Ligand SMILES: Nc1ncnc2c1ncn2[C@@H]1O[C@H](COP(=O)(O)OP(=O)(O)O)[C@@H](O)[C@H]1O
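One chain comes next, on its own, written as structure tokens: the form predicted on its own.
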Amino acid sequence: MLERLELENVGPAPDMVLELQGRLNLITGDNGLGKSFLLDAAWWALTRRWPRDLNPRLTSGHAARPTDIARPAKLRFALTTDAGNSRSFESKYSAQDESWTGQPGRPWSPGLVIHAHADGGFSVWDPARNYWRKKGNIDVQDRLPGYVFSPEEVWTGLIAPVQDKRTKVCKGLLDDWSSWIRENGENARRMAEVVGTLTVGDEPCQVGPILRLSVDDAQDIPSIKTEYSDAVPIVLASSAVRRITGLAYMLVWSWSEHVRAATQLGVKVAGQVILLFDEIDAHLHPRWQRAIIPAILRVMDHLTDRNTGVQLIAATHSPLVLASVEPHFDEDRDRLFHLEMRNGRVHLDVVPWAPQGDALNWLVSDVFGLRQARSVEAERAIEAAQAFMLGDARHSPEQLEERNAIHRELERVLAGHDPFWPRWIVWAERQDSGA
């Protein structure tokens, strides 16, 4: 498990420290403050490679560079290895080599690592298939250093150089899932179970028949049963269903291939799985946002051995995601982080866990920082009305400095059942009556 990540002169702040818990870690904050960067840095700490260095088709995952090239830049981290030992590491940036240097030799194995990128791509590091091995007493990196998929390659397969030969190392969702359905074996059951767990509705998505899109296209296409059809080709499903299906496939493929490789090589199956998930709420309807994290935790419990530890580190913009974890949050195993701009500098804070009760309260909490859960125009009108009621019209926005103008704007931007109306109307009636 990743215990600690420390950045110096790298990323959006001069220094930043992430002290992680062993199960669930949620990172919140405004756009552009470094959530995705922290996840990429976490992937590097766990695998010692940057995702885009392994697959230039990615639109993210670039190697980190110093913020100020004239000053030293360092990446430090601590992890619990798959063997249960705690290890620390420091890497310094070499401007001359344009690379990160550090302790030579093979990295420590953190277990199976799966990184879900915001654009739909995935990176997978497998301690059985990607870990260095020894030839005599020498560490040799003669296996693939990782599997990094662009969004398209998740579906169509990944080709990578193996011993200087282009090799299809993953068939992709379309071919693999079709094969699993035809074989009707363990992976077919796993995939159906994971898709059903991750999808939301009166009836979660179920697996449908294998289809072809046209008579001229020999590609087999799995389908799903939905509330409106018994056979929707998965490539024609909604963005949310495709994202969830891609996640389900990568979880099933990564774990099943790891177990197969470990058995073939005669090594232990990983005792830890680390999931890095960028924008976990992307493309998801609110009903799905409030179910995604509990569903992922259930999936990993069912997919892996019961003794396998699972750590989830996820970035989110959704108050519904935070509301959804309230029944599950354990302060001894989970942590909430918030990135915030203060005094011209990005700060990473640990937020003391305080359930807010619903998404609306989360939205106006310090985590998201909205003054009101309304439109910008409604917020402006209410603040003008409040200032006017207090006799402080100097702080009212221009054009909203007199009562009738404020009332007309409130009528324009507020719903008839908005809870601010009683306050404004009672105040207006008292003013009219001279009370």
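Just so it is clear, the structure is predicted and the values come from calculations on it, not from any experiment. For every residue, the number given is its place in the sequence shown, counted from 1.
This protein has a second form, the form predicted together with this ligand, left out of what is shown; the following refers to that one.
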Quiz item: Looking at 388, 368, 44, 37, which has any heavy atom no more than 4.5 Å from this ligand in the predicted bound form?
Solution: 37
Exercise. Select from the listed residues 33, 378, 54, 58 the one whose heavy atoms reach within 4.5 Å of this ligand in the predicted bound form.
Key: 33
Quiz item: Is there a heavy atom of residue 11 no more than 4.5 Å from a heavy atom of this ligand in the predicted bound form?
Solution: yes
Quiz item: For residue 405, is any heavy atom within 4.5 Å of this ligand in the predicted bound form, or not?
Solution: no
Practice problem: Consider residue 63 of the chain shown here, and say whether it contacts this ligand in the predicted bound form, taking contact as heavy atoms within 4.5 Å. | Solution: yes
Exercise. Between 298 to 328 and this ligand in the predicted bound form, list the residues on our side with a heavy atom within 4.5 Å.
Key: none
